[in-house]
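Here we start with a single chain on its own, the form predicted alone, put down as structure tokens.
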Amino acid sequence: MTSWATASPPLAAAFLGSLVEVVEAFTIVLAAATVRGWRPAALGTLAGLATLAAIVAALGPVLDQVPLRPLRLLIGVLLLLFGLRWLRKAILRAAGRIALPDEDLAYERETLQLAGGTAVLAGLAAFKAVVLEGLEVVFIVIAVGAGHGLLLPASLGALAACALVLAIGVLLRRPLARVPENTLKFSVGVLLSAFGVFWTGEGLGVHWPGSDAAVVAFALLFLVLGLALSRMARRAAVTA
């Protein structure tokens, strides 16, 4: 039986990672709905969700056929690359080297692009947003949940993020600009990098002290490292 201590890291990683992606997708869907009404936006969204469901259904049997150790190694390397990319961008944004995400600006840009288009174009924009951002959610869920039978808590984390964004978005009917997106990306970068090191070691046959609890130690290590690099980057930006 999976314990809460074992299930909480993948659940948290999937929740935070999905939260970022769903906020970005919701901004585009909201822009499509504002310009051309909720019908094409809803149809595009449903088509995107159906596409994602088909992809997940197709991936399940494939993953079952892959030997566990090579699967863990592949997922570990991809997670590490993915997590370090998020962490790097979050650090540079915190230091002012690259612009912070702005959902209000993204909403205005999408609205302007869709203003001269048709309802079909608005539906396609919603479809594309859901599929592209959703694929990252699917990757995060599979990556943090595969290998140790933790797909259920990871999936629950992703579903909770989707439900939260949808509920707040429907209630406010405006871009979720106040979501601390860069802080979330920093947190997700820390968690995914930690899982990446853990799964890479597992794939190489390393037996980590403390078993699954080693993920927490790696997360703390990346957190300290990320905060230190962020402070150094800010100081460098001030003195430059």
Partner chain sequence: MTTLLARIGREIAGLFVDDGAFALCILLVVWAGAVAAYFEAPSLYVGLLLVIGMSAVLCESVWRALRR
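Keep in mind it's a predicted model, so treat the numbers as computed, not measured. Numbering follows the first chain given and starts at 1.
If you look for the form predicted in complex with the partner chain, you will not find it shown, but the lines that follow are about it.
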property	result
The partner chain contact at residue 215 in the predicted bound form, heavy atom, 4.5 Å	no
4.5 Å heavy atom contact, residue 39 and the partner chain in the predicted bound form	no
Touches the partner chain in the predicted bound form: residue 87 (any heavy atom, 4.5 Å)	yes
Residue 109: touches the partner chain in the predicted bound form, heavy atom cutoff 4.5 angstroms	no
In the predicted bound form, the one of 121, 168, 156, 78 near the partner chain [non-hydrogen atom within 4.5 angstroms]	78
Joint contact, 136, 233 and 236 to the partner chain in the predicted bound form, by non-hydrogen atom at 4.5 Å	yes
Residues of stretch 190 to 210 in contact with the partner chain in the predicted bound form (4.5 Å, non-hydrogen atom)	197, 200, 201, 204, 205, 206, 207, 208, 209
